[in-house]
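Just the one chain here, laid out as structure tokens, in the form predicted alone.
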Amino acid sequence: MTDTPTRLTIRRPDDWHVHLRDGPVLEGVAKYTAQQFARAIVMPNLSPPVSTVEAARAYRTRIVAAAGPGFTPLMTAYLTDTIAADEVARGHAEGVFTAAKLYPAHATTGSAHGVTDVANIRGVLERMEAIGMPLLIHGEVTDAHVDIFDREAVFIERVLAPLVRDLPGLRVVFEHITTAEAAAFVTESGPNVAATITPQHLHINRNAMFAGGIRPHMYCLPVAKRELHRLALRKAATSGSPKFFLGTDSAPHAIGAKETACGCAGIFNAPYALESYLAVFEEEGALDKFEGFASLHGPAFYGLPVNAETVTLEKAPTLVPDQIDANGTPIVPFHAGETLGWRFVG
């Protein structure tokens, strides 16, 4: 596009990957997601993890109370080595579990109870394939000898490619992809494979974590990769392909939990998510593709209706604060101290 509009109105988007936490922090952060998005796929990596229908139903009630009216949380089942296929299928049939989440054990925050070997949940995955229930994947191997920057690419080769080949009817969302290899795999796979992309992986490469010193607020998992990978993700996100859609992976952590000897992984981007994404689409000359990525592709993949209402953003400077008080917990947001070129109007 040659001329940039001063206002952009699109169907109300959804966030297809978010961490809302629990307790006081949930009450402090849920409003930011609910302000911009109509629905959100909520990650189940609480402590203990959300692996039963009853736990998911109770968590959903707490989220609704914290977010207020007009927001719909879409719950997910945390897959473990011993989870029963009947429990997963029951939750899906009762409208509680929209999808199930595969965390390789110890791959990221709250994944200690994750799956140690995909073979252990083969029966669950076969049942999910049969009932059309999506599988959401954190795609990294956790072998100590594999370089952290290579873990996604190795996961594709060792785990994901064989899984997609053996269960071609299984609907798979490769979440928060970070590499050119992941973008290519999703593009070249059949219609049952899609991916979410975060705003941070479109904005930063791995240098951001080391600019002038250790930058803990730029640390997330999967970690940001080389510049060539960032550029590949931007190309995928702005391509107009229905295989790629919005998933913030917004993951709030208290400042003290980030700025410590062993800081937590996660970037809190919910307060200015749409402004952040829109900056990328403007830079890539692809504002006409933004509604598809933010509002249309995700519902189509999940078999859900597009939201009827709309949201509007306008060209205006938006200063992101250095920190946000999330109900008593100070959190540094993505783009802290920066000025973004778009403002969410509502």
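Every value quoted in this text rests on a predicted model; they were computed, and no experiment measured them. All residue numbers are counted from 1 along the displayed sequence.
The same protein has a further form, the form predicted in complex with a small molecule, not shown here; the description that follows concerns it.
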Exercise for the section: Determine whether any heavy atom of residue 109 comes within 4.5 Å of a heavy atom of the small molecule in the predicted complex, and answer yes or no. Expected result: yes
Practice task
Look up in the predicted complex whether residue 266 has a non-hydrogen atom within 4.5 angstroms of the small molecule, and give yes or no.
Solution key: yes
Exercise for the section: Find out whether any non-hydrogen atom of residue 77 is located within 4.5 angstroms of the small molecule in the predicted complex, and reply yes or no. Expected result: no
Problem - in the predicted complex, residue 138 touching the small molecule (heavy atom, 4.5 Å) - result: yes
Practice task
Scan 125, 160, 99, 220 and let me know which has any heavy atom within 4.5 Å of the small molecule in the predicted complex.
Solution key: 220
Problem - Listed residue (151, 230, 176, 92) with a non-hydrogen atom within 4.5 angstroms of the small molecule in the predicted complex - result: 176
Problem - Stretch in contact in the predicted complex with the small molecule, which is absent here, among 182-190, 251-259, 78-86, 210-218 (heavy atoms within 4.5 Å) - result: 251-259
